[in-house]
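In structure tokens, one chain follows: the form predicted alone.
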Amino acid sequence: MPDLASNWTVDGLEWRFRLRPARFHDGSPVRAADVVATWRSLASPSMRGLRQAELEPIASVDALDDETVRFVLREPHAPFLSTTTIGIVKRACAEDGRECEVGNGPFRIVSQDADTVVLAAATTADAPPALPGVVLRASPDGASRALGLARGTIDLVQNAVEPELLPWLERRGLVVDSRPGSTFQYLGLNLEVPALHDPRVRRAIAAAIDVPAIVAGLLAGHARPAGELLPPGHWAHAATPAQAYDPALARRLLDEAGARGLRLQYKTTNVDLRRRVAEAIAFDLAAVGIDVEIRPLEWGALYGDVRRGNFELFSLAWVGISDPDLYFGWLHSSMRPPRGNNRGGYASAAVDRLTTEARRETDRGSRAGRYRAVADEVARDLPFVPLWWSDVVAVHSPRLAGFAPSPTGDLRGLAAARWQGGAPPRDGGGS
């Protein structure tokens, strides 16, 4: 959906975007030169941003006038529109390479420190939010978040309340809004590990995990067992069935591969729920003859190890999935770190060909067909083990109205939220 752009045209490799009237938080207009400077800063080698691989198909970007931006691509690139969903900052800030605190969205930054960001409604927005502001606070302890909601010192928590606490919070008058989400939880595998290089071992791991039991027991039903990356409702969803729980099949595959007695290390975060999920998976794998050592790590340490390929098993999630070109960056053999996210070292000539063709195919129906073929190949090879699509679960004060959780888990819905009967009194601050 268009946001800063009012419309666009395509002529071969050239895309032209017409900007609608918009203002930065300091009142200055958003111009095409700001868009160009933002994009050039992201492409700068000094930036070393995670999205630089996405920018490689762009040959040039320039401003034709104050309201028109022209992108020229090196080759046809179907995911290009998805690539353009970034925030725009002022030209001077982008060119200086400094931290940019002046944006053009519905809220402006008032202050920020290590664990708190204070936002205020932006009067420059098309429709200024009804909420006067939002305070975002880091709260690493799940029990503290739940108590803050119950006491009224926290107004909203999304995707960060332990499932077993949700009924307790509902009994105390909190609103629990749970909706199907697109976040994809998976078990990552390092295919450089000799045993995991054998697809029979990977299939055995998938068959050994009782995903429905974990969803029902540990997640209180707030997820759907997954058979592929893309959730139902996505235009490229392939309807790949989730792996059935079959420990007998798992034992047979391990015997065929000569992998009974396999020992693996499983890295996860030190968040209590994630640790319990890891324990459940380890229990299931032990039942078929795979001994698992669980290593809970602080988030930064876990993500650093995953990016470096320093793992055997890990569990992470893809959040905010939109374009299925994610398959290319995740599974194409050329996209091993640091260039891409092929952290497990997967290589498949068929997947390389299909994901490359899908990037150049502009017809959505033809693209969908190729991605369904990718899903079929992945289901056979299992370079990762699909687990579930997580629900988006928002818990909030009953006085907060108009907030609708997004399937991607973002918080844009706060721009449409409002207080019913006036804002609640603050006791220690809300967020």
Partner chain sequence: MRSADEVATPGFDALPEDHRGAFGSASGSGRLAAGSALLALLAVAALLAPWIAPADPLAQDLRSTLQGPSGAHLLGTDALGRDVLSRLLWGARLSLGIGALATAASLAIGTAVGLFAGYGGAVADEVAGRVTDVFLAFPGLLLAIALAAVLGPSARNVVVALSLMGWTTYARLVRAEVRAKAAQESVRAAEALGARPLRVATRHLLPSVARSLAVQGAFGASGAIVAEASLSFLGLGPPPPAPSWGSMLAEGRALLLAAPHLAIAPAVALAATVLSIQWIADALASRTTRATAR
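Bear in mind the structure is a predicted one, so any value in this text is a computation, not a measurement. Numbering follows the first chain given and starts at 1.
The protein also exists as the form predicted together with the partner chain; that form is not presented, and the subsequent description refers to it.
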Legend entry - Site check E162, W168 and D272: each within 4.5 Å of the partner chain in the predicted complex by heavy atom: yes
Inset, instruction - Please determine, with the chain shown alone, which of 250-258, 141-149, 347-355, 327-335 has non-hydrogen atoms within 4.5 Å of the partner chain in the predicted complex. - result: 141-149
Inset, instruction - Quick one: from G217, G133, G87, G320, grab the residue that has a heavy atom within 4.5 Å of the partner chain in the predicted complex. - result: G217
Legend entry - Among the candidates E361, D246, E279, D198, the residue which, in the predicted complex, approaches the partner chain to within 4.5 Å (heavy atoms): E279
Inset, instruction - Consider P296 of the chain shown here, and say whether it contacts the partner chain in the predicted complex, taking contact as heavy atoms within 4.5 Å. - result: yes
Legend entry - 4.5 angstroms heavy atom contact with the partner chain in the predicted complex for W235: no
Legend entry - Contact flag, A213 vs the partner chain in the predicted complex, heavy atom cut 4.5 Å: yes
